[in-house]
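Shown below, as structure tokens, is a lone chain in the form predicted on its own; questions about how it binds or moves come after it.
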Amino acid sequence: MDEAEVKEKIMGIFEETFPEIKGQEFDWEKKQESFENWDSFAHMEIVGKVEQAFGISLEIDEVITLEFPLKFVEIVLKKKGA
């Protein structure tokens, strides 16, 4: 799985979790606090969807560092050995 495929899946997860961002230009470096509804519950929802979509388990120290969408891409690529 290459970076483009990972980004496509993660963008889909973010659009599913935050429907208000659909149709907007996706900002990979938009911080968590800049998303209107990205609270702790949404964070864990995204983490769960990413784990399921990529067949990985994230450690708590990794989960804490996930402050913007591109960080999810970086961790998935690292975990998948890409």
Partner chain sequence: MPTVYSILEKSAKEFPEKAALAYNGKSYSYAELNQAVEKVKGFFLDNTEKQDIVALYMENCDAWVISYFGILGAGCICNPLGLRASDKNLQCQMEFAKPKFVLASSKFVDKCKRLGLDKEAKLISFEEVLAHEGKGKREPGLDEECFNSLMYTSGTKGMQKAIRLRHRTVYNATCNIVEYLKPKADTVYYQILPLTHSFGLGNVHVTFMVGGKVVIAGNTINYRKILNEIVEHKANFFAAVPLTISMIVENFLDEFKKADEWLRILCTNTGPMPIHITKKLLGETKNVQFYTYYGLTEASRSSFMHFNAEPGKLGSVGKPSPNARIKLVDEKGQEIEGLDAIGQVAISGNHVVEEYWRNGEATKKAFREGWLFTGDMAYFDKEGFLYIIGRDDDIVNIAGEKVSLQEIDNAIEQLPFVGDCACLEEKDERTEYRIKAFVVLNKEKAQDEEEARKKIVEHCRECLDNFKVPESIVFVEEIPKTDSGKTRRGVFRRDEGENNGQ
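Numbering follows the first chain given and starts at 1. What you see is a predicted model; the values in this text were computed from it and never measured.
There is also a form predicted together with its partner chain; it is not shown, and the following applies to it.
Peer 1: Would F35 sit within 4.5 Å of its partner chain in the model of the complex, counting heavy atoms only?
Peer 2: Residue-level check for F35: yes, a contact with its partner chain.
Peer 1: I'd like to check something about V47: if you look in the model of the complex, is any of its heavy atoms closer than or equal to 4.5 Å to a heavy atom of its partner chain?
Peer 2: Within the cut-off, so yes.
Peer 1: Though only this chain appears here, would D61 touch its partner chain in the model of the complex if you measure heavy atom gaps against 4.5 Å?
Peer 2: It does: once its partner chain is placed as it appears in the model of the complex, D61 has a heavy atom within 4.5 Å of it.
Peer 1: Might E74 be said to contact its partner chain in the model of the complex, defining contact as any heavy atom within 4.5 Å?
Peer 2: Contact with its partner chain, no.
Peer 1: Please tell me whether the candidate spot formed by D2, K7 and E29 is one where all three residues come within 4.5 Å of its partner chain in the model of the complex (heavy atoms).
Peer 2: Per the other structure, none of D2, K7 and E29 touch its partner chain.
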